[in-house]
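Encoded as structure tokens, the following chain is the form predicted alone, with no partner shown.
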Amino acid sequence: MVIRQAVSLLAKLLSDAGTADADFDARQIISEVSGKKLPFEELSDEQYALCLDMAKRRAKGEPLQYILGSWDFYGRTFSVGEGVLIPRPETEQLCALAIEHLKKTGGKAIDLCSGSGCIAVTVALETGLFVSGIELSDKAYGYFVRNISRNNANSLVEAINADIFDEAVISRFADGSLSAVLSNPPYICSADMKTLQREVQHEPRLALFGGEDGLDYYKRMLPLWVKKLSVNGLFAVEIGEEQGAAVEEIFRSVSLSPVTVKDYSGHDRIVFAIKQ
């Protein structure tokens, strides 16, 4: 079967199932299976059967990224699958902010709630500085370790399988020893957890749910980890689009002067501060 014909057939299957970007998803699936052959080239019967199976999984709401087994982030490819949060473009803004800061200051950084490791690996490789990452979930930690090796970051990134609130882990880092504390923590509130898109429902609850108001992690994280920042150190977190004012107040409660950054869609997405 010619690839462009296969794209048309899979796109219709996906569109009929209500998939929003049916044509894009069909092309991604076929590109992955065919080894990125051109539209006028042919798929074997076995390849098309595999594409069809993947498209059926996508039609049932499984995220495309899980089906492909990887996704690009900040120009690099990261392994993903069931049990790990999918890297998103908005998080690239957090990385860009950290990279700009660390190129000026040098030093070490930490990424809390690391998931796939996309933040830790990206920041380390873009700055050449050492970054530690902490992830509680065993499944996500497995992807983190895999992505360190996949992106040749073994000498720059340390993966720690632990709870970011565990005092034994926190005490491993001396007060004032870090130039940046970064995090994309769980921040979805109880009400929004009930209305998640079907694709997002496949992602781990541990990486999504931030308590009744979505602010639990910020309230606990900042008092514990701000002590680890050096003077002129950066504390930067990703937030939900309606959480800017609330997270700013939490920053102020630990004597930080916060700034909120909007994402590509004009929504509040990052709150950061420089420790004075």
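A residue's number is simply how far along the shown sequence it sits, counting from 1. All of these numbers come straight from a predicted model, not from anything done at the bench.
Only in words, not in the display: the form predicted in complex with glutamine (GLN), which the text now covers.
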Task: Partner contact for L215 in the model of the complex: glutamine (GLN), 4.5 angstroms, heavy atom - done: no
TODO: Find out whether any non-hydrogen atom of P186 is located within 4.5 angstroms of glutamine (GLN) in the model of the complex, and reply yes or no.
DONE: yes
Open item on the list: Can you work out whether A207 and glutamine (GLN) are in contact in the model of the complex, taking contact to mean some heavy atom pair no more than 4.5 Å apart?
Closed with: yes
- [ ] Using a 4.5 Å heavy atom cut-off, state whether V169 contacts glutamine (GLN) in the model of the complex.
- [x] no
Open item on the list: Within 4.5 angstroms, counting heavy atoms, which one of the listed stretches 143-151, 159-167, 118-126, 178-186 is next to glutamine (GLN) in the model of the complex?
Closed with: 178-186
Open item on the list: Only one of K108, K139, R76, R88 gets a heavy atom within 4.5 Å of glutamine (GLN) in the model of the complex. Which one?
Closed with: R88
Open item on the list: Where, within 225-253, is there a heavy atom within 4.5 Å of glutamine (GLN) in the model of the complex? Residue list please.
Closed with: E238
